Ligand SMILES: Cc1cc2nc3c(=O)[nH]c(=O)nc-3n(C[C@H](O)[C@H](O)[C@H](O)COP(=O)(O)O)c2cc1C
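The chain that follows stands alone, in the form predicted alone, written as structure tokens.
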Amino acid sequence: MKFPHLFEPLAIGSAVFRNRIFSSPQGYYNVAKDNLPSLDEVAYYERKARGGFASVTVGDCIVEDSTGTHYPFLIRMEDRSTLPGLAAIASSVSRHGAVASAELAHAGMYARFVKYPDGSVYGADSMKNAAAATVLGGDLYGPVYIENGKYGEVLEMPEEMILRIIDKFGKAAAWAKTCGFGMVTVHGGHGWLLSQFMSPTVNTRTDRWGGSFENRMRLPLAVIESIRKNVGRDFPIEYRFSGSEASPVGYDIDYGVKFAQAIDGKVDIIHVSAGDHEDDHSIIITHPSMFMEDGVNVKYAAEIKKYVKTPVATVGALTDPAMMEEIIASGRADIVNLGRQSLADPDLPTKARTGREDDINKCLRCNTCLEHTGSIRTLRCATNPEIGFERDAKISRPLKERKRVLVAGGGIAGMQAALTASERGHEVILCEKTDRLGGVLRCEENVPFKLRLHEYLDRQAKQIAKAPIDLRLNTEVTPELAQSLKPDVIFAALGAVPKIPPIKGIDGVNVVEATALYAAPEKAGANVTIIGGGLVGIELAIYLRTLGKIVTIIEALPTLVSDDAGMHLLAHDEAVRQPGITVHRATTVSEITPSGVTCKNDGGEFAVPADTVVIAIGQSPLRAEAIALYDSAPEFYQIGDCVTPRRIITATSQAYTIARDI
């Protein structure tokens, strides 16, 4: 076996884990108004188990509604009507040979949705009143009184409440066991209640629940004891915490080691994460951005592993089975947890075990998944169109008629359409006007933090080469060619071309379009001004800065990356704040000169010197060229950027879905 350490089974108590690859806690927020687990949620967790993960953890199982809920659409462990849904999840995971785990959580002083304005705790009508609850909320409780907490005034948690919550953790674990779960994961990290009490910065109480290290440990240890009393000695308990809060105001790894030693032997797995979910700086360490190296947080688990006997799990930016094997073989950790990677490819464990690691779709760390969780409460993946539609993907649709399918364009959308149509059993011809598949994004292949994107494009191209697809490079699809091929179906995936704004001096020798500079960065001078602060402009600025260039971004809107949000936006903000990058927001360019650009904003007109001026204001879809093909086949579909230039997820999802329909 290529990865013997990674696939060595692990027996803990009553559970046997078939390998060392766990799916880390992820919540599922696309629930009905009663907040009960749905069939879609069952299919979501089942998909990971079917792909070979040893353990699949259901995130955000709240132990007490009235004080611990940070969103109104989470699993409520106090609600006994959750039994059928939770039992279905546990069964769907365990019947595929994985261990189902429930992550037990309490948000403490970040429980921003605890009550409605009338004082009632959320219930079946929570979604109707969520907006009011967001604004007014209810009483927040934490280790100490805070006048101006992140979500308002925080009251010091009285002892009777602490004791009640300890009991609730135990009862929630018992409920998970009753529902068929084979393990519980205690969420003691990322700034939630247990980490608030263990924090030397936050917990300055003077009673037996705070102050000294022993007193700060009292709540976490009491919770572990309560759970153990309720589930028994052989039922595995995983404790998840931040080995370091990775923040100037948080604790460091030395304190993390001390904490791990305190719970050593009392739990069955010590799951070492990092960061604080409510700190904008460290949350992008909890969820490492594409600008960080692979396995960036393994160092925390490796350090803790030196001081404890309990099996240690690590998590964060892990995509490569070879790296995972080395982590375990070298003794830096006993278990690897995958979060976003479990979305990019739920079949990673099976592929790695069966020697198909080259087929693994590796996570781009673009945070499309987290962005969609925040915006529409449903997980999606930029490169795996199955995610969010797991129930639909399980349905095998018989091919009623084998059709001749012509795909015009070999970019993101075209490759996905060709692969899906071929998998369905259709005869597929894929034409690409250049000598290479991958489309416009190939220009970024030398950008270090876009390595995974380059690998994704290569992987798709290799899959096409292996499939029974008639690939024709250097072939532009015209109406004449299309008609001569006599297709039953045409997919027009012709892409887009860069927008060129009508700015005086735009045709100067010092002006270059962004994709051209990505492909040939050596053409940039020492000082570069980028017109456009969208995704392309920002990431080009970050790349050029790594090459030693001094970069200025000019953006007409008040904010950067207007079509982006959430975690990726935080990562961008962090990256563009580095020395050597200057940003002018709400600023327009009136002229480009041989020495730079002339700009204007509320402060008046000013000049920005530049050796090279880059145009990065977006793309114009090749709609006319696509529409010209509309009558060349009985069925005609436009997909990808030739409809409207958008994100990778739009192209893959649209191409996959329509190709499944034909």
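From a predicted model like this one, the values you see are computed outputs, not experimental measurements. Position 1 is the first residue in the sequence shown; the rest follow in order.
Here the subject shifts to the form predicted together with this ligand, a form of this protein not shown in this document.
The contact residue chosen from 482, 298, 554, 338 relative to this ligand in the predicted complex is 338, the criterion being a non-hydrogen atom within 4.5 angstroms. This chain is drawn without this ligand; in the predicted complex, the residue among 273, 529, 416, 101 with a heavy atom within 4.5 Å of it is 273.
Among heavy atoms of residue 182, none comes within 4.5 Å of this ligand in the predicted complex. In the predicted complex, this ligand sits within 4.5 Å of a heavy atom belonging to residue 27.
Under a 4.5 angstroms non-hydrogen atom cutoff, this ligand in the predicted complex lacks residue 463 among its neighbouring residues. In the predicted complex, residue 52 stays away from this ligand, with no heavy atom inside 4.5 Å. Only one listed stretch (285-293, 486-494, 198-206, 148-156) carries heavy atoms within 4.5 Å of this ligand in the predicted complex, and that stretch is 285-293. Contacts with this ligand in the predicted complex, taken as any heavy atom within 4.5 Å, map to no residue of 525-554.
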